[in-house]
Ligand code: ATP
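Here you get one chain, nothing else, as structure tokens; it is the form predicted on its own.
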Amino acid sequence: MTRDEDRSRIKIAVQKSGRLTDHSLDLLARCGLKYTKGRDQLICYGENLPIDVLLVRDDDVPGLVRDDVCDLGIVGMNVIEERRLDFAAAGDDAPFTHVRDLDFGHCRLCLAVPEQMDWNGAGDLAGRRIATSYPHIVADYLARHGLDAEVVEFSGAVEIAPRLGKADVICDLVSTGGTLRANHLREVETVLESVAALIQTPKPVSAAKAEWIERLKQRIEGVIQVSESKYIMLHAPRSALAAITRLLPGSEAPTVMPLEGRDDKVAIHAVCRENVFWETLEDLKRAGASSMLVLPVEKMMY
């Protein structure tokens, strides 16, 4: 590959190992990307699309996108916000563009205190030491609440900081809360809700790159819509058509077709862009629907 060919390819930064890695690579594969890994296992070269994936530390993703080393990045909002505040402190208020949240990597950045410690609200942080891997987010939280506390930057196992006498309180990512309980801590307040997100370089790109970036973003949109959508087919009395249409969750106008030999009934097909629960089917049945079938949707584009 020549240098010019390499420059014309889209580069996407993705966490090399961790909770977002498999989901990120699966998302790109569902967008049609087929790739091979390099010998160092740090670059996935696109075989069928002009797209390469760089596997890096998650903390490095925003910086690579900001510096135009990568055109796009997939990383958690916790990292995005921490790095955004870091860049803003250095005078860069628009280091990257937040394109959209994705449908995986849900967690929360929370304050947690020892089980025996009283908690009456954020004011209890005044004068305390707070251990965290997210010093900029915590400092911003304290500033917004007008609180004076010491932020202790702590990498690794933040939850052991109180037991080591390094902090009174911690602020760390929480998914199930099991790690907190194991260390005799309890969650008291959410500082940030986090989810994986797609970010884009703010720097201008070539027309060819811009076209492929837009195509990839459309495919990602389609993949996410599919994951949230179901295709439902059913029979219904003509007299109940309006009521049944109102019950179909998140659908546009359904397709209505006549049934052979039946003037009183029709077939209804619809794409529902929300989950179809058992309760939904029960409501439809009460409205007169029958022969209901719910199917997954493989691909979708609007």
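What you are looking at is a predicted structure, and each value in this text was computed from that prediction instead of being measured. In this text, residue numbers run from 1 along the sequence as written.
Missing here is the form predicted together with this ligand; even so, the following discussion is about that form.
Shown without its partner, this chain lists 26, 68, 274, 59 as candidates; in the predicted complex, only 59 has a non-hydrogen atom within 4.5 angstroms of this ligand. Listed residues 95, 222, 135, 105 were compared with this ligand in the predicted complex; 105 is the one with a heavy atom within 4.5 Å. The stretch from 224 to 232, 169 to 177, 109 to 117, 81 to 89 that comes within 4.5 Å of this ligand in the predicted complex, counting heavy atoms only, is 169 to 177.
This ligand in the predicted complex comes within 4.5 Å of no heavy atom belonging to residue 9. Residue contact check for residue 20: one or more of its heavy atoms lie within 4.5 Å of this ligand in the predicted complex.
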